[in-house]
Every structure is written in structure tokens, then in C-alpha cells.
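Read the single chain below, which is given as C-alpha cells and is the form predicted alone.
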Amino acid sequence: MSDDTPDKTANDLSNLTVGGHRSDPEFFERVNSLSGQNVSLCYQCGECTAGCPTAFAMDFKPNQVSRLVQLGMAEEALSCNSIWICVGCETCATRCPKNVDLCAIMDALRQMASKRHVKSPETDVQSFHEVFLSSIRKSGRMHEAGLIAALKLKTGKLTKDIPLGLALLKKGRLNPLPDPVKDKAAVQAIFGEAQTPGEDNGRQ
């Protein structure tokens, strides 16, 4: 048998209950599909966690997030702060002996959490993530002043960092008007490709 053969037990989740929660085998398959990874290949060596620069701040370590996915534990995986703490540095993917890109898995989990309206413990990080993508969708590139304004409104922290913002504006570091890319249709096409019809349907 090849070393890359998936662990069949990770797919047999129909009757598994962990911590009082029944596992969701469709969640496991959905994460695999959305991330383009085979989470079954992870055998919990811990190399990803050992190299992760932000693991100290996570409620579930990187390898534990992988295990939650393998067990089909959707609620725990989507509500943990780890998926928002991950900075996508790819250290985990570089160190993984099975070439599992955990950053891609974390990104898939963030997408699923957003679509299912799962509130993150890291509310500011999640808000920034959503506002940033909205800014890119609208103009094709990040508009700093618009992003700051939208983030203030979303988080309710309207007066925080005003002196810093004014100083940047005075120095010409913040453009009050967006500078859209020429081919906005191409940007919309990218976002369109990222939207899978019927994805998640709000299920938890």
C-alpha cells in the first residue's frame, strides 16, 4: 500500500460521536474539496505546530485543527480562533512530511465559517478579513481609507486611531478616493470562480 493512501478510518464518521457531538462526514469531504487537500494524509506528527509562529495564541494547535476536520467536528473547527489567528505563512506546509497545505485548509475553514455566519472569538480579525475582501471585490485592489472606514463601522470602534489616520492623510499616505483597476470584470470573474453553487447552504 502506498504511503499516500488515505486513511479510510478518517472517512468512516457516520456513527462517530466526540465530546457529545456527532461528527459530520460531509464536513470532512467539503473541507477536502474546498481546500484541494487530502486531510486524511495528516498523521499528527506535530511538525506544523512546532514551526507555527502563532500557535501560542491558538485555542487549537494547527495539527489539532487538522484532526478536528478528520473527525468531522464542524462546530469546533469553525468556531475556534485558530483559523483566524493563522497568518498563512506556509511554514506548516513547508515542514509537513506528507505535503499537506494546512494554510489552504485554514482558508477553507474561514470561508465556511463566514458563509455559515459562525461568530469568531477573534471578531476584529474576522471583520478585517471580510472588509478586506469586500474592498478588493469593489475596486480590484485594496483602498486603505475605505477599508479603515468600513472596519470602523463594522467593529464600532469609530474613534480609535483617529490621530494616526489624520497624520497618514496629511502626509498623502491615504488616498481618500479608490483607484480601481482597469479590468474590473476580471476581478469579478475571480470572485465568481471562488463561489461554489450551493456551498454550505448555511448548515452548521
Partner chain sequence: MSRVGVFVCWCGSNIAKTVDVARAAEAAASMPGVVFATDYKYMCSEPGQNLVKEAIHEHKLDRIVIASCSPRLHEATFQRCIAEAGLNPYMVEMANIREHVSWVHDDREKATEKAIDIIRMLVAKVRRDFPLFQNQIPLTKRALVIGGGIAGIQAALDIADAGYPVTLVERTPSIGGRMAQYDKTFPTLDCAACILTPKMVDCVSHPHIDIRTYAEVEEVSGFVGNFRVAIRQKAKSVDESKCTGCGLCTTKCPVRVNSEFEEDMGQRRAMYVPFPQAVPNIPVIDREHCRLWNDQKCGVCAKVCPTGAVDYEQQDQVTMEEFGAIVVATGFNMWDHRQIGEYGYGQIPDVISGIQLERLMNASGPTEGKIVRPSDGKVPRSVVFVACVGSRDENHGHSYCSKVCCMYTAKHALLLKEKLHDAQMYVFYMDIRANGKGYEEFSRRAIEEYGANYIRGRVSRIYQDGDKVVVKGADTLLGKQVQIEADMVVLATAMEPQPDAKNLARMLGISTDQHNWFSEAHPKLKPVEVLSAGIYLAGACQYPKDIPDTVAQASGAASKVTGLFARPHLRSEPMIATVDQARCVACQLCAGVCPFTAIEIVEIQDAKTKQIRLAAKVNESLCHGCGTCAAGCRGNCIELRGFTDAQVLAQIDALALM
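Positions refer to the first chain, counted from 1. Since this is a predicted model, take the numbers as computed values, not measurements.
Although not depicted, the form predicted together with its partner chain is the subject of the following passage.
Its partner chain in the predicted complex is approached by G51, whose closest heavy atom lies within 4.5 angstroms of it. For N38, no non-hydrogen atom is located within 4.5 Å of its partner chain in the predicted complex, even though that partner is not displayed. Put simply, V118 is far from its partner chain in the predicted complex: not one heavy atom of it is within 4.5 Å. Within this chain, K61 lines the site of its partner chain in the predicted complex, having a heavy atom no more than 4.5 Å away. Annotation for 93 to 110: interface residues with its partner chain in the predicted complex are T94, R95, C96, P97, K98, N99 [heavy atom within 4.5 Å].
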